[in-house]
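Heads up, the chain below is alone and in the form predicted alone; it's given as C-alpha cells.
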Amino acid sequence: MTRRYALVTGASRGIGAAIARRLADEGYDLTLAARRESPLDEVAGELAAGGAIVQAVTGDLSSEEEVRRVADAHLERFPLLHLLVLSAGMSFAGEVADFPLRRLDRMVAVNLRAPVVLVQACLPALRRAAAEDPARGARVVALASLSGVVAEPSLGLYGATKAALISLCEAVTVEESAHGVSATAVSPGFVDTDMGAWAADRIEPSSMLEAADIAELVVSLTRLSARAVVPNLVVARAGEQVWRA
C-alpha cells in the first residue's frame, strides 16, 4: 500500500491532536506543528510509541517565516503531501464596536494569512501526491467555525476570519481540483476543548461537540474519491437551534 503523508497544524491539543491521533491510526506519516514545544512533543511521542512515523515542528504561525519553516520541515522529511490540515487557530471574543484592532490583526495572521502561506508552500507537494494517486487525489482541510457561517454575538470578528477561511477553501477547490487537489472547511459549533473553555459559564461542556467527532469527519474526507468535492461541513450541537455555535 502506498504510504500517505499529512501535515497537521495546531496538533498539540484539542481538535488538532484528535485529528493527528486518527490519522496515525490510519497509517499516515505525520508532520505535527504547534506553537508550544512541550505539549506537541507529548502528542508526537505518544504517536511514535504507537508505531507512527512522526516529526514535531514548533512555530508561531503569526510569523510568516515560521509558517514557511513548518512547511519546509515537512517537505524535507517526506516526499509528498496527501493531506494538509489547517487546525491552528486563535479566538478573541468582543463586540465589533470596540474590538481592539491589534487582536483582530493577530487573528487574521493566524486564522487566514498562515493558511494562505501554507497552501502556497504545500501546493506543489499536494499536486504531486494527487498525480501519483489520481483516484483519491489530495486534500486541504481547514478548521473553520459555525460562527463563520452564521454570526454569533461577541464572536463577529473571529467569525469573519473563519468566513474568509471558508472562502479560501472554495477558491482552492475552484483553482486546483483540475489538478486533483480540493479543499474542505469544517465549521463546527462549540467543541469541548481548551479553546472553548471560555464559554463554559454559559454553555455546558457536556453539550458541546466532541473533538473525536471532528477528527472522524476529517478522516472520512480522505476516503472519498477525487471526484467528490465537499466545500464546507457544518457541524451543529444537538438542541432546539441548528444554526448556533
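Start at 1 and count along the sequence shown; that's the residue number. Model, not experiment: these values are computed from the prediction.
Omitted from view is the form predicted together with a small molecule, to which the following refers.
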One stretch from 95-103, 124-132, 137-145, 170-178 that, in the model of the complex, holds residues within 4.5 Å of the small molecule by heavy atom
137-145
Applying a 4.5 Å heavy atom distance criterion, does Y28 contact the small molecule in the model of the complex?
no
Would you classify R69 as touching the small molecule in the model of the complex, given a 4.5 Å non-hydrogen atom cut-off?
no
Please determine whether H74 contacts the small molecule in the model of the complex, using a 4.5 Å cut-off between heavy atoms.
no
Going by a heavy atom distance of 4.5 Å, is R13 a contact of the small molecule in the model of the complex?
yes
Answer key, the small molecule contact in the model of the complex at 4.5 Å (heavy atoms) among V54, V218, V191, A185: the residue is V191
